[in-house]
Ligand SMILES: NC(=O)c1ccc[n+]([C@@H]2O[C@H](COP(=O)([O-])OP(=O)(O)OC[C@H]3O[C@@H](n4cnc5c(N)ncnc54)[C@H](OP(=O)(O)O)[C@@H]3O)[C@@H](O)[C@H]2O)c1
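Here you get one chain, nothing else, as structure tokens; it is the form predicted on its own.
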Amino acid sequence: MSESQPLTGKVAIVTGASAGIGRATARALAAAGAHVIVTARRSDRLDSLVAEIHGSGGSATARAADVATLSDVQSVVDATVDQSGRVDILVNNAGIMKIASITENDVDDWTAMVDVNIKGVLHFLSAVMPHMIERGSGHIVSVGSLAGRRPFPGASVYAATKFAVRALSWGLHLELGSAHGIRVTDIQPGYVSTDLLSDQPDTLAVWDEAWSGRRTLQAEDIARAVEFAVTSPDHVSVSEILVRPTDQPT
């Protein structure tokens, strides 16, 4: 292990790694020396990311999966343990955000957010936790949101899912920290320029107009926060990191 690569010998799983925060986080952890298992639904993007990491001298493996499907998740974790013998770091990053007034009563969108943003986190927790408990160490990072501290109009259900992530993270700290040596971190970004709203062009256009002339966060800013948490000394548990754009007015 070197100062420039403090995660040498560590094995990390990053969900939602095909784009945005997940992709940037995978690159950052690999640069810090970890072997990174990148997972998402889009295998072509995962393959591209692995090639990029290898080209930079890092180590990574792609495993396509849908976090909302427990059997997919279990397969990723089982294959990782079979190949590498351990999971040191889990970054629960996969998430979706559907913006609409609650009065539109779009139950399908609500269910999709619950399936990915809450059940996806629980699925990976269920699959990884026994291995971490057995080894008496590990770090579970979940990418929550500023919306997990306060809702905003059009995102009541999304905010509810991120409130759940925040509550779960704190509960995990209490149950897994001193008893099992497992650290837990909730990363809470404000507005980040990613493709999270790429499937909602009208909403994205409104947000882009509202942010015209203002500086947003970039995916790499959140990746640095994740890296800070997981490279802190073992006796230090960074429970929450709230990262807001300086120009965010609310």
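These numbers come from a predicted model, not from an experiment. The numbering used is simple: start at 1 and walk along the sequence shown.
FYI, the form predicted together with the ligand isn't displayed, but the following is about it.
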Whether Met129, Thr185 and Glu240 all lie within 4.5 angstroms of the ligand in the model of the complex by heavy atom: no
The ligand contact in the model of the complex: Ala40, any heavy atom under 4.5 Å: yes
Residue contact check: Asp195 to the ligand in the model of the complex, 4.5 Å heavy atom: yes
Contact label in the model of the complex: Ile21 to the ligand, heavy atom within 4.5 Å: yes
Partner contact for Asn93 in the model of the complex: the ligand, 4.5 angstroms, heavy atom: yes
Stretch from 177-185, 40-48, 54-62, 26-34 whose residues place a heavy atom within 4.5 Å of the ligand in the model of the complex: 40-48
Residues in 112-133 close to the ligand in the model of the complex, defined by a heavy atom within 4.5 Å, in order: Val116
